[in-house]
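Encoded as structure tokens, the following chain is the form predicted on its own, with no partner shown.
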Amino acid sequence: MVHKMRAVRKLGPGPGAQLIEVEVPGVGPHDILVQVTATSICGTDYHIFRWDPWSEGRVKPPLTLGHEFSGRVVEMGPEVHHLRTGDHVSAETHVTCGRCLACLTGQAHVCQETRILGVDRDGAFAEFVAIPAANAWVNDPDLAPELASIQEPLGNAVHTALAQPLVARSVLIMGCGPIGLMAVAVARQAGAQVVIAVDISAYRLRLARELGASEAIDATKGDPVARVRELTRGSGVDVLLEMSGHPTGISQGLRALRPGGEASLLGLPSAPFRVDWGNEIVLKGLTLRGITGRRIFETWHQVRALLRAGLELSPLITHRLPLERFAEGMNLIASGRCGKVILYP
């Protein structure tokens, strides 16, 4: 077993990160060591790389970045009995306490003691990553490494989309970042009659069409709410999947819902904002659901079922880079002219 590895590390406060050589992480009695095959860049990784106010208040360097990955088990702690060396795994990246009310009642995805890989503990932009064995998800052996690496964000899209029935319903997806784009494919696979995607990026709207959107609306070119009503014969959509986190997008999405419609809200606003609570929500009789993370491990089983059923995500993976070109990947994220960017250690 090698003792050194390369890892992308945030060494201190401030923008940037460095690819350096560090010790391979040790394995505790209930942990496993995974040799990383593929790891994908998330918006959270970019926030930490850029060192925005959220990162400054949350992240405590030094830290290895990255949390979306797939790889092979190469070492196991003595108390790990349900895995085998060589297993092809990904990870539920939320390491929960297992003791709080949420954890004990089947809602570990909202555990208030959660520690996230690549945010609160060392992550996967490295040749090896150590994780609790309880967080390992054993992949189908033939699942491509890059697809296996994006199951964590795919789980966010699946959790958001399947929080309400979609069969034969009209679905509006506000915001076509990678998770919004995944939600387009998921909604189509789950039986939605109409899938409408809204964004301000022509690049991302093109990807939305490739992933199955019935209509892709550029919000910079006219009123998207009016266009949604045209497409739904004046009624509005049955379901809103809110992925933008932008006050304008959220308001437009709520206004585009029909009376009695349902909204699943995943996008995180950067600051509080005003909502016309009476007219946009109460008097329309809307149902709103806040969505965070994935239901552990219910959503993972749903992800597996969708992938086995042929969920098509290949257009979403737009760039593949060796680990040493991580900064180029971050610049692609900043430009918005990419889907998922995969790094190969």
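None of the values given here were measured: they were computed from a predicted structure. Just count from 1 along the sequence shown to find any residue number.
Although not depicted, the form predicted in complex with a further copy of the same chain is the subject of the following passage.
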Query raised in the report: Heavy atom to heavy atom, is L254 within 4.5 Å of a further copy of the same chain in the predicted bound form?
Result: yes
**Report entry** Partner proximity in the predicted bound form: A202 to a further copy of the same chain, non-hydrogen atom cutoff 4.5 Å
**Finding:** no
Requested in this report: Indicate whether R320 is a 4.5 Å heavy atom neighbour of a further copy of the same chain in the predicted bound form.
Outcome: no
**Report entry** 4.5 angstroms heavy atom contact with a further copy of the same chain in the predicted bound form for R99
**Finding:** yes
Requested in this report: Work out which of R227, R121, H88, R258 lies within 4.5 Å of a further copy of the same chain in the predicted bound form, going by heavy atoms.
Outcome: R258
Query raised in the report: Is a further copy of the same chain in the predicted bound form near all of H30, T105 and R289, within 4.5 Å of a heavy atom of each?
Result: yes
Query raised in the report: a further copy of the same chain isn't shown here, but in the predicted bound form, which of 190-198, 174-182, 145-153, 204-212 has heavy atoms within 4.5 Å of it?
Result: 190-198
Report summary line: Contact check, 280-301 vs a further copy of the same chain in the predicted bound form, heavy atom within 4.5 Å, ordered by sequence, gives I281, V282, L283, K284, G285, L286, T287, L288, R289, G290, I291, T292, I296, F297, E298, H301
